[in-house]
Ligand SMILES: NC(=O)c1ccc[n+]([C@@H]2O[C@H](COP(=O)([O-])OP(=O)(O)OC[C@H]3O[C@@H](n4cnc5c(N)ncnc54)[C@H](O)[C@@H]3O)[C@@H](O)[C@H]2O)c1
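Given as structure tokens, the chain that follows is alone and in the form predicted on its own.
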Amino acid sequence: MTKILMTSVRDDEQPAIKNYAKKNNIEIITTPKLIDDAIDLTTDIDGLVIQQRSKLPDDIYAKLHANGLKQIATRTAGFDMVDVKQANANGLTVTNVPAYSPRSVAEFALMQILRLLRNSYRFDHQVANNDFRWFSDEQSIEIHTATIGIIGVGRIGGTLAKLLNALGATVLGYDTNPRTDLEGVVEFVAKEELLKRADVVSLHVDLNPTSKGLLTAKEFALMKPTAGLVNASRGPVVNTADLVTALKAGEIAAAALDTFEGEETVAAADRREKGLDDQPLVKELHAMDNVILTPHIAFFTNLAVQNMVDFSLDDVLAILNGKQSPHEIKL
């Protein structure tokens, strides 16, 4: 019987995993550990599915190869934690799940855009301190009068654009490959123009050498002082130190960050006792009343979790059966 190991498994994934194993007559071993700490479990398995944000150790690829593995499937869209070249050099095919549910992240980004437009972050802090007043500078913007800029108009960004268009917002887009199928929905412009015109900028790009540090002090200086930023892509896309400075200086009004630099040691972690002293920039963001932090959960919906499990396991079985996965990452 085919045996597959899945690492970093949460309780909410177990029903989908059990259903898949039963349906396909395979054995699936699960562990909450990262693959870094579960390498001993790979000595007697056929396939591997991982999920993590931290970079895989350099020596792990040779160990997996020595244990007879042929592939690594990450049940995420992002794959920057895997050194694909090292994996391939050790005979390991790498796959990801590029479109587990574009609506999951798009809907989350829409929610955060609305929260920024309606200044809910300020009211949250005030009410938490028993201050139920409201002030003139807290007057909000109705979304059908707003201009929203989307950087990265792919599956998720395009889905968000359609949702915003349905609500009557003006949607600007910046992408290295503008989409002709979104004519009438998105006005594609240069990044600089988008930053200058948008009331909220929402980021939906992959993490790669060209997108790392995509927004820095230079870009924040172009934005309206009333504008907000949503990041539901990857943390390093934004220079966090520059963002903190821009927020403090009033160059932009607010930020809603589901991904941020340093999240690999913060997201999904209980920091109630330890605090954030080891991540000073995250600590600084957390203390600001114009920042909304969430622990990388934009993807976390019923359909997305089901698809992440099913699609990643489909890829494993395809490769083990000598077929090619449509989700193979080729560099």
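From 1 onward, residues are counted along the sequence shown. None of these values were measured; they are calculated from a predicted model. We call the rigid core the largest set of C-alpha positions that still match within 1.5 Å between the two forms.
Note that the form predicted together with the ligand isn't included here; everything after this is about it.
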{"query": "Contact residue in the predicted bound form, chosen from 96, 112, 259, 71 - any heavy atom within 4.5 Å of the ligand", "finding": "259"}
{"query": "Answer option from 164, 238, 205, 223, heavy atom within 4.5 Å of the ligand in the predicted bound form", "finding": "205"}
{"query": "The ligand contact at residue 211 in the predicted bound form, heavy atom, 4.5 Å", "finding": "yes"}
{"query": "Close approach of residue 177 to the ligand in the predicted bound form, 4.5 Å, heavy atom", "finding": "yes"}
{"query": "Touches the ligand in the predicted bound form: residue 157 (any heavy atom, 4.5 Å)", "finding": "yes"}
{"query": "Contact of residue 234 with the ligand in the predicted bound form (heavy atom, 4.5 Å)", "finding": "yes"}
{"query": "The ligand in the predicted bound form: contacted by all of 105, 153 and 296, heavy atom 4.5 Å", "finding": "yes"}
{"query": "Candidate stretches 211 to 219, 164 to 172, 113 to 121, 85 to 93, one within 4.5 Å of the ligand in the predicted bound form by heavy atom", "finding": "211 to 219"}
{"query": "Core-aligned C-alpha movement of residue 80 between this form and the one not shown, 2 Å or more", "finding": "yes"}
{"query": "CA of residue 53, rigid core aligned, shift of 2 Å or more between this form and the one not shown", "finding": "yes"}
